[in-house]
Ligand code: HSE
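Take a look at this single chain, the form predicted on its own, given in structure tokens.
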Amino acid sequence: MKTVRIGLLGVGTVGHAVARALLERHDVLSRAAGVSLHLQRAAVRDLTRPRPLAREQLTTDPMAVATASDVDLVVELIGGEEPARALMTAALAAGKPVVTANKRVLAWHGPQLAKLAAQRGVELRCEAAVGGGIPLIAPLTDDLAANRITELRAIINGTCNYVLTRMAQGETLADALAKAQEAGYAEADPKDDLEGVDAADKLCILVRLAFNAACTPAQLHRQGIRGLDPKDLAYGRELGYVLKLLAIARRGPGGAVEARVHPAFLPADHPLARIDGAQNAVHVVGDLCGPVMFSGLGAGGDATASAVLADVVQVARRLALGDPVAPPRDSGPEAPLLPMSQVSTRCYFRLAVDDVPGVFAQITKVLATHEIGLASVIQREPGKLGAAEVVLFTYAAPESALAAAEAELAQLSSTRSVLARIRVESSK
């Protein structure tokens, strides 16, 4: 049996799980690949930490692994933008296929790396970059190839989903985050998760695959979950909605694609509304297949290793057979991105107002000025500080109109503050 020699960049949580599986499941993986998979060498930061490899297989020089003459396949699991991008570039330029779980590099540099891979006749595979162990990339690329994807809505950050699940039970964001960190679902510095950076990186990859729209995270509207109050989740539940951090992409007018990441209320009967804890899910609508949902563990060493190893097996099988890499598919003209100001959504407002006559008339006048229809209202009597709370659910309106209305509502003489504005998604 032929041998494919693997160079591993990074032996952290995921890298350790990949290395362990290559050693402990060697026979199973090799049979699946049709070739013996041998973990040749690995790059690590600290040589003193225990690893599932012999000391002579380890180095602190990742470039030496990425370009080694005795490595046939490079697996990049370092994470972050640099030096990962440079290492992948070097490996591809040296004619080595690359398997990666790096959503940051792919979000910002994916097209350039894919072009280099095509020029060198090697593969760049990234099943683990979005959704951890959930198969997403291959289904979008192959299984749904006959479809024109019309909509994609996803929960693709397990940290935020865990936090929002606990907030729905009445916990504050700070308390829910602390429990997420204790459970290992959140990093010590959870900034990228809470601010939607991680989800935006992943959405960029999905938008390119599903809609053939060129974008970087800088072009997406992004809003995280900081500042959310359990009270808003309770009001939403009262009206039949669940709050999630959603990554959303859909075809808009004239073929333009809207792409955005932000908290949004979903009807409680939508399949995504039932995805709780650290689970991830992607809900896709195709013009032939209709709605399809992929769900499961979106993170964690073993789950992500599962997706990495699936790519390794596919690449190794091709190497064993000596098959050439298929040329890039012609996806046709790229779709433009729709400016966020032109996106239409329903909206939830929560206002603190003075308990005086005419307040509601002032509010409805502002909404009417911007042609925003009012779907439902909740009004609470004044609390100890004398302010009443008014909750509004609107019908769909352009984002520009909703933002202008928010600014005007905040300036009303009877408004103490606009406590929240949260977008609302439909069940379709």
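So that there is no doubt, residue numbering starts at 1 and follows the sequence shown. Nothing here was measured: the structure is a model prediction, and the numbers come from that model.
Here the subject shifts to the form predicted in complex with the named molecule, a form of this protein not shown in this document.
Of the residues D276, E187, D354, E81, just one reaches the named molecule in the predicted complex with a heavy atom at 4.5 Å or closer; this is E187. In summary, among the residues I156, V261, V163, C204, the only one with a non-hydrogen atom within 4.5 Å of the named molecule in the predicted complex is I156.
Interface membership of D198, defined by any non-hydrogen atom within 4.5 Å of the named molecule in the predicted complex, is confirmed.
Residue contact check for D193: one or more of its heavy atoms lie within 4.5 Å of the named molecule in the predicted complex. Using a 4.5 Å cutoff between non-hydrogen atoms, I248 does not count as a contact of the named molecule in the predicted complex.
Using a 4.5 angstroms threshold between heavy atoms, G298 counts as touching the named molecule in the predicted complex. Stretch 179-187 is the answer when you ask which of 233-241, 179-187, 309-317, 91-99 has residues with heavy atoms within 4.5 Å of the named molecule in the predicted complex.
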